[in-house]
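Included below are structure tokens for two forms of one protein chain, each presented in isolation as structure 1 and structure 2.
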Structure 1
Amino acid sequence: MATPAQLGLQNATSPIMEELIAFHDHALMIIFLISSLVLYIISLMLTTKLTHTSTMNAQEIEMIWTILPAIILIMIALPSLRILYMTDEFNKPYLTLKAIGHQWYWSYEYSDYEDLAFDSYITPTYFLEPGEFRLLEVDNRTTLPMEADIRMLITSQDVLHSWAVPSLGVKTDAIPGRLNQAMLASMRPGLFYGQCSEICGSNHSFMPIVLEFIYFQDFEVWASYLYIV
């Protein structure tokens, strides 16, 4: 989860998120370099007493400031596409989990072995246990095994929602009538928070997602406690 007044990305919990953080650093550095160059040039232009009104052509500099941005764009595109294809890699998931968006809660279905399903509503502020996080806690957390590839199938039962967990690098739209697939993998146990990321009505800000990653052995114990809804 984010700490108060946090500006940057959350620490990575999945390998894809690590790649995304590195790519973000790369792209942001390029942005800072270009912006400071432009700012410097503007300041030079605003503080000179010299004038020059008779430029007719400038072929050499036009070549440079066309070719150089093209090269910079390629240098951004190549790592970006690399990560894009990485997210689509084939891997054999250990588990398939369906996340279905409703107004205004998520429901989860584990259908691999038995039909296990539950709803996940936000815990209202008044009902928080001491030390819990306002607007982030839910009544039933989504429990998953760590260090395993998990296939997420995300859809919606009414309007557009989006299932997002920033520290795992996942954000996938929940579209009614469509199943979107995303892959999840956590390298650490613990709780990881996210929030609905597509405007869906009055309580759009109040339908969070909490993933609880636990050890393999404990996961099957947990699953055995669920009943058919």
Structure 2
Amino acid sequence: MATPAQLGLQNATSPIMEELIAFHDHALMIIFLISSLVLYIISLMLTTKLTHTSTMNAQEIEMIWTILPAIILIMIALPSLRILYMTDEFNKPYLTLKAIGHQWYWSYEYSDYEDLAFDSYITPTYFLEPGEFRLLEVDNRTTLPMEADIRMLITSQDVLHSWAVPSLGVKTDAIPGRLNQAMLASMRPGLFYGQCSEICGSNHSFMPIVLEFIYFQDFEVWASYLYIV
């Protein structure tokens, strides 16, 4: 999760997020190099005493400043398209989870299990335990197995919402009357926090998302316990 005064992205816990962070660093380095070159040329232009009043054209430099930007755009576009197709790739998901946005809470339905569904509300400040985070904790955490491809089906029952968990590299709009899908996976167990990322009303800031990834055997025990209850 994010920390105070953090400048970079959250630590990745999924392969997609690792790819997104690598692409971010790749694009940032290109931007840094271009900015440095432009600033250097501007400084030379401001400090030089040489002038070329009779120059009408320069084919060589015109070819360079036409071809070089095209090459740079290709260097950015190819990795971007690769990641775009990776985010839309669905390979035999182990589990399907449906998230339904409401004003102002989330409902979850485990499609592979009969009658396994619950609502997830924000935990009020006066109910927080020591070590829990204000405005990020919920009464029912969404439990999922780690190292498994999980298909998310995301929709809304009232207004536009957005289901987002930054450390997993997932952000999908929840639209009334429409099912959007996304794939997520976690390579390690733990708690991962997110929030609604679409302004959806007065309590938009109070729709946290908490995913708890656990081992396969523990997940089956958790699911069977909910059946018994």
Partner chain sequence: MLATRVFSLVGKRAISTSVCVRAHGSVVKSEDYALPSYVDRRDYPLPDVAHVRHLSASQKALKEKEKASWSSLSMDEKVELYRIQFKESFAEMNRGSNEWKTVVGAAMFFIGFTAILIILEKRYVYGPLPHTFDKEWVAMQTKRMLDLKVNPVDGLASKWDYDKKEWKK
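All residue numbers here follow the sequence of structure 1, with the first residue given the number 1. As the structure is a computational prediction, the values presented were derived from the model and not from experiment. Here the rigid core means the biggest group of C-alpha atoms that line up within 1.5 Å when the two forms are laid on top of each other.
Two forms of the same chain appear here; which of them is the form predicted alone? Of the two, structure 2 is the form predicted alone.
Treating the chain as two rigid parts, how many degrees does the smaller one rotate relative to the bigger one between the two structures? Expressed in whole degrees, the smaller part rotates by 10 degrees between the two structures.
Would you look up how far the C-alpha of Met63 moves between the two structures when the rigid core is overlaid, in angstrom? Taking the core as reference, the C-alpha of Met63 is shifted 3.9 Å.
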